[in-house]
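Below you'll find only one chain, the form predicted on its own, shown as structure tokens.
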Amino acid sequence: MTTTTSADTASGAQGAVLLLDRARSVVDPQLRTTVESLPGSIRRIAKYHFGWEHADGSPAAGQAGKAIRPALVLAAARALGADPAPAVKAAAAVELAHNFTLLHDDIVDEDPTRRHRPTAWAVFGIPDALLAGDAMNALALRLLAEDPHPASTEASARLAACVIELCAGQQADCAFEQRGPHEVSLDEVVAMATAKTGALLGCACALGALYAGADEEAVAALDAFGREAGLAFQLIDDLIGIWGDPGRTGKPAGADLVAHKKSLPVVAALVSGTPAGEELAALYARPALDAEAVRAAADAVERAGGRDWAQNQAAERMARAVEQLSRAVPDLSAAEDLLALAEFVTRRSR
């Protein structure tokens, strides 16, 4: 039996950070060039959202997120033995689509901050931020449509289908908030999370496979790998949404509980049949939760087993992800970058 030490974990995390930095260094120039093609007022909002400019238009030193999805595109191409350079436009397109969803999610969730500063809608207003998100989505598809690479047409169609799926997942997430504490099943919330988060990570891996010239079976396996890893990612993200450090997340503690989110650990607790699950249901039936109630809700989720369930599920989904990956890349040593990235996103600080 192999034992993973803290040193191994740290080394793996450092390797993943290097992969993300490398992806950002090659994708950012394409991303910036593409964003520059937007009309002036929309371009300003996009640049602010990406952290490249302050609200007044002056240059900023921020970065456009961690670049997990672009890194997956490039790592998938490498895992299949291809040069990732031709897939840079596809990686930028995935990042544009991802940020379109972030702009819209911040509006839907009424989040006041992202990446430790006010969200775009809070600065520029809801209509302008909404339209900037729409433009980013169109820009992602145009970037693929104009790419002369032979895989670009199929990649564009796959990304468009993915966006529709993740919109359906976001709509389901919002609909769950309007339903009673006992009216959402665990199967429903897993399906929602797979669509909302897993679909785009799966699409990123599939696009890398397409640009590597892979066959349908390998593309499907890479997509499945990304989806399973994406669900693990969402499970950890939901834990962070309850117990995350505001200093790291840039959001208030227990933000998902304040919003009455039917997140994965919350629903696992609500359907547990435990007294703690009933306590949580009673708290969620309140129209609003103050700081004390948020702490009580977090404690109830933990005592009802929601935290342990989510952590165990994240590990199980990662095991499934590796199984899917081995279908496309039997020698997993060739897919070390993909595995490092997947491990990184499921071991983020809570």
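This one's a predicted model, so the numbers in the text were calculated from it and none came from an experiment. The first residue of the sequence shown is number 1, and the count goes up from there.
Separately, the form predicted in complex with a further copy of the same chain exists; it is not shown, and the next lines address it.
Check: If contact means any heavy atom within 4.5 Å, which of 236-244, 96-104, 201-209, 252-260 contacts a further copy of the same chain in the predicted bound form?
Finding: Comparing against a further copy of the same chain in the predicted bound form, the contact stretch is 96-104.
Query raised in the report: Which residue among L186, A82, A122, A168 has a heavy atom within 4.5 angstroms of a further copy of the same chain in the predicted bound form?
Result: The residue from L186, A82, A122, A168 that makes the contact is A168.
| request: Would you kindly say which of A160, A276, A191, A220 lies with a heavy atom within 4.5 Å of a further copy of the same chain in the predicted bound form? | output: Exactly one listed residue reaches within 4.5 Å, namely A160.
* **4.5 Å heavy atom contact, T33 to a further copy of the same chain in the predicted bound form** => Taking the distances in the predicted bound form, the answer for T33 is no, it never comes within 4.5 Å of a further copy of the same chain.
Original post:
Taking the shortest heavy atom distance, is E177 within 4.5 Å of a further copy of the same chain in the predicted bound form?
Top reply: No, E177 sits far enough from a further copy of the same chain in the predicted bound form that none of its heavy atoms falls within 4.5 Å.
Query raised in the report: Do V294 and a further copy of the same chain come within 4.5 Å of each other in the predicted bound form, heavy atoms counted?
Result: No, V294 is distant from the partner.
>> Even though the partner isn't displayed, in the predicted bound form is V27 close enough to a further copy of the same chain, meaning a heavy atom within 4.5 Å?
In response: Residue-level check for V27: no, no contact with a further copy of the same chain.
Would A268, A282 and N312 all count as contacting a further copy of the same chain in the predicted bound form, using a 4.5 Å heavy atom cut-off?
So, no: the whole triplet misses a further copy of the same chain.
* Taking a further copy of the same chain as it sits in the predicted bound form, which residues of 144-166 have a non-hydrogen atom within 4.5 Å of it? Please list them. => A145, E146, T153, S156, A157, A160, A161, V163, I164 sit within 4.5 Å of the partner.
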